[in-house]
Every structure is written in structure tokens, then in C-alpha cells.
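Next up is one chain by itself, shown in C-alpha cells, the form predicted on its own.
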């Protein structure tokens, strides 16, 4: 069924109300009525397919804004989307993000058909450690509690005691009874975790594997110093996947959701966001009065998602777009994630 001209025009106007403030676009698009008209038939088709397939779309904040505000049912960071994956009662979950996130959705909603727009949407962190490699690490530290960052594969989660996100990692690790923690797969977040436990007076030995995020490991203190010199009153907002020297020089360090909250609730004249550029796009939509000076980096994996791929995956998913997991692995990984929900702060 083809959308009518009137429906397309109404959809274009709806899109424009959200997207008109976005100028952090990797393709240099200017969001005006013409560009919104161009994508309106796609967003209308996708939203129609969602209803027909009993599908929901979960979209990470790092995606391009036409997905987040055009077709997503839920948008947010890994922790928020994990909760939604556990709560939704849809036959189909399309996870617009990266593959490990879709695996997490399948772990938490095993009865649903979980699909990804592009099976090539990996993650430098998740891909840095396999289940076999973690088993070898565990043999070296048999007394350690294994804590895995949510940016990890289902196999790694299945070998771990508890999963964490960037929003709850400090609280959970501080309150674990074990002193020795094997934290995987993010070395830089592990370094920041070690520093934060020392600051809190928590006696923890943090052992890490060697993965890093290819976006966040690129930032440096020099980026911050240069920006502060050019923009008086600037606030620097960083993710805990950044190097420790960057985290130490920032005004605020937190998860994707916490960074958004910080910016929305503070009144600085300028912000330097040391994270993936998609978050700046979200903030430009939701806080258009804020001024951002750049500095963000693109994740090539996140940018593999597109409206066309979302539409095609909903219409007729290929076998490689459907997430399947060994049931034993899924159950053990689910226990690891359930422990995260049990141990997360309630406020």
C-alpha cells in the first residue's frame, strides 16, 4: 500500500518538528521540509510494518536521528533498552544498534523474534573477548568475581557472575562482597573503575582484559585543554569508556543517559561531548537551546543502521539478521543480567 500525498506531507511535518534542530549529521544533511519529505514514505512504511508484524523497535542513542525520532518505539542507553527488552510483549523486536545489544534482547525476551538491520554492526569492545578467552582468564584468577560490561557477547555474559552498564558499574562493584574483580572487556573503563573505587575507599583489586571502545579511546586531555581555552565556561562531558586522563579532566563522567540528564539540567554556555555523535544529535532535538562545540566521534558500526535496512529487516528478515542463541548459553547469560537488575541502585 502506497502512502498518499497528504499522509506523506503530514509525516514530513511531524519529522521536521523533531529533526529541524539537528546539525550534527555524519552525512551533512540539513533537516528541512524537503529532506523530511524524502524519508517520510520510508518512516510511514516502517511504522505500518511494525503494526502488521506486532513489532517494536529499540534504538540506541548513538543512531542517526531519523531512526530515533522517525520509527523507534524506545530510545536510550544500554541499561534502559535492556529493561525495555525484558518488558515488551511483542512478537518481533528489531534492535537498531549493534549485535551484542540484539543478543541481550534475545536473552531477555527468548520468545520474541529478535532481528538486526545489519549483522555487520559489531563492537570493538564486544568483539575483543570471546567466551573461550574469558574461560582462560578465569582459570588464572579462580577466586575473582567476574563482572562483564554489557558491551559483551552472549558467550561472555554466560561466563560472568554479573553484568554492569556504565550507569551502574561503580555501585555494583563497590557492593560486591569479593575483593578481587575480573572486569571485562573494557580496559579503560576498568581503569576508571579502579580509580573510583579508590576514591570511595572501597578495597577492590580490579583485573581487566584489554578491549577498548574505538570511539571513546580516541579522546585526549589535549582536546579538552584546547576547547577550554577557546570557549570560556565550557562544560566537558565524558563517558567512562574514555581514558582515565580524559575522565579526570572532564566536568562530568557518566553513562549515555546520565550525560543527557547532566546537560539538560545544567546551564553552561557551551558543551564538549566526548562520546559518539549520535548523542549530540539527540540533545539537539531535545535541548535545542544548548550549544555544542563538536568533539564527538562517529561509531562506524552504529552508522551501518539505516531506515532502508530497518524496513527490509521488518519486511522479510534474512537468516543472518535473526538472532539465535544456544539455550544453555542464553540461560546462563540471563542469570548474569538478572543479577545486574537485582544489584542496581533503585533511585
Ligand code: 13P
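Being a predicted model, the structure only gives us computed values, none of them experimental. Positions refer to the first chain, counted from 1.
Keep in mind that the form predicted in complex with the ligand is missing from the display, and what follows is about it.
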| query | finding |
| --- | --- |
| Complete contact of 128, 187 and 209 with the ligand in the model of the complex (any heavy atom, 4.5 Å) | no |
| Location of the ligand contact in the model of the complex, chosen stretch of 41-49, 280-288, 307-315, 55-63 [non-hydrogen atom, 4.5 Å] | 55-63 |
| The ligand contact in the model of the complex: residue 101, any heavy atom under 4.5 Å | yes |
| Contact of residue 77 with the ligand in the model of the complex (heavy atom, 4.5 Å) | yes |
| Exercise: residue 166 in contact with the ligand in the model of the complex, heavy atom 4.5 Å | yes |
| The ligand contact in the model of the complex: residue 95, any heavy atom under 4.5 Å | no |
| Contact set, 34-55 vs the ligand in the model of the complex - heavy atom within 4.5 angstroms | none |
